[in-house]
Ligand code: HEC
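Given as C-alpha cells, the chain that follows is alone and in the form predicted alone.
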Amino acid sequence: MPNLTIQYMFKQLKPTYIIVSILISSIVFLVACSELEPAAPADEDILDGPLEGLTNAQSAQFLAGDIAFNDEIFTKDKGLGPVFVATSCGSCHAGDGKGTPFTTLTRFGQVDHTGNKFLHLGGPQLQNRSIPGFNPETIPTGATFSKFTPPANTGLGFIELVPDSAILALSDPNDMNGDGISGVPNWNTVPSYVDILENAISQNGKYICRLGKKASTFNLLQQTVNAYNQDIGITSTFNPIDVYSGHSIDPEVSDKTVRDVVAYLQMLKAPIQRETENVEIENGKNLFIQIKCAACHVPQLQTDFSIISALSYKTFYPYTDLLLHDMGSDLDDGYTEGSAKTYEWRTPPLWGLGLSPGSQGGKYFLMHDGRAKSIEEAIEMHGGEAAQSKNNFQQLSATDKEKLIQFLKSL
C-alpha cells in the first residue's frame, strides 16, 4: 500500500513541478562539483588568451583562429605531407609557449646572403617525417644546418607592429657609441602576397624583418603561410608549391583559415609580469640594467597604428630590440637566413620566460636550439657582443645572481 500511495502522489504532480525539481537538483549537483574543481589559473600565470578590448567580430575571428591553430589535426586525407614535421600548429606551441627538443626544427642550406643553394633538395627546412609510402627528407651532402626550437606565440601582434624607424633607431652597425653593441636589422626579400605598410623602409628592394630566430620573416602572414607549407606540407593560394614535388598544386587550406590563424596570433595577449611589487624582483631588474643586458634586451617598445585598436599605439615590454647581434663563435651554426651572418641572432624577447617550463615539460630549453637547460646556463653561453654582459654577470655575488634570475623568471 505505501508503494501505491507514492506512485499515486507522483501521478498527481504536474510535469512542470517535476522538471523544476530536476533542474534544482542538477544545479545543486553542479555547484557541489564546481567547489571540488581547481581554481582557474591567474591571467599572469598563463601565456594564451586574447587581448583585452577586442570587438565582437575580432573575438569571433580570434576563436576561429584558435580552433584552426590548436584543434585542427591534419591527416593524409586533409593534405598532410607527403613529408612534414608536425600534424598541427599547436603541436609545436603547447599553450602558445615554447617548443621542446621533440619539436625542434632543422633548417639547412644557406651560409650567406647570396641565397640558399639547396632549395631544390628540400631546403630550407628538413621535413623529417612522412606519410606511408614516402621517405622523409635527409640533409643533403655539403649543406650546413641549424636547429630552431619553436618560440612562444604570445605578444607577436605587438612585435609585428613595431615601426621600422624604431628598429633602425636602435641599430648601431658601426658601434658609434662605443658600448661594444652593434645590432643591425635583417634586410630580406618579402613574398609578393605580403602587403607592405606605407611606413616600411626598403633598401635595395629588401625590407626590415623581425620574426624568427634570425629575424628573417616580415610579418605574421608570411610566418603562418611558411609554417603551413614547411611544417605540415600544406599548400595555400599564398604558397601553392608542394614541398615534396616542387610543383604548384591546389590549395589545401583556405584563405579564410590562414587569415583566421594570423588574426589569432596577432590578438594573443602579451605575457604579464608577475610579482611586480616584490622588492627583490625590482633589485634584480636594476642589476639586469646595470650589467648592460638591457642594451640588447630593450625593456620597452611601442606599436604603430593598427586597425585592431587593442594593438594600436601601445607601449609594451618585450625585452628585445628585434635586431641581429654577433653572439660569438660558439653559437655559429654555419647557417643563416636573409642578410644575417651565421653567428648573428635576433635578440629573443624575454617576456614569458618564467612560464617557459609550462610548455617544456617542466624544464628549460633555451637559446635558439634549446641547448641551455637553465637561465644561468643560457647567460653563460652568450658571446660576441654579449660577452661583456656575461662577464659582468659572472662577477656578481651569488645573492645578486639569484636576484637577477628571479627577475627574469618574473617576466
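Residues carry their position along the shown sequence, with the first being 1. Because the structure is predicted, anything quoted here is derived from the model rather than measured.
There is another form of this protein, the form predicted together with ligand HEC, and it is not shown here; the text below is about that form.
* Y228 within 4.5 Å of ligand HEC in the predicted complex, heavy atoms -> Within the cut-off, so yes.
* Give a yes/no on whether E385 approaches ligand HEC to within 4.5 Å in the predicted complex, heavy atoms considered. => Flag for E385 set to yes.
* Asked: in the predicted complex, does S88 have a heavy atom within 4.5 Å of ligand HEC?
  -> The answer is yes: S88 has a heavy atom within 4.5 Å of ligand HEC.
* To do: Determine whether any heavy atom of N153 comes within 4.5 Å of a heavy atom of ligand HEC in the predicted complex, and answer yes or no.
  => Yes, N153 sits close enough to ligand HEC in the predicted complex that at least one of its heavy atoms falls within 4.5 Å.
* Asked: Quick one: which of 131-139, 241-249, 167-175, 326-334 gets within 4.5 Å of ligand HEC in the predicted complex, going by heavy atoms?
  -> Of the options given, it is 326-334.
* All of L54, W187 and K206 with a heavy atom within 4.5 Å of ligand HEC in the predicted complex -> No.
* To do: Could you spot which one of L80, L211, I308, A263 gets a heavy atom to within 4.5 Å of ligand HEC in the predicted complex?
  => So the residue touching ligand HEC in the predicted complex, by this definition, is L211.
* Members of 347-362 lying within 4.5 angstroms of ligand HEC, judged by heavy atom, in the predicted complex -> Counting only heavy atoms within 4.5 Å of ligand HEC in the predicted complex, the contacting residues of 347-362 are T347, P348, L350, L353.
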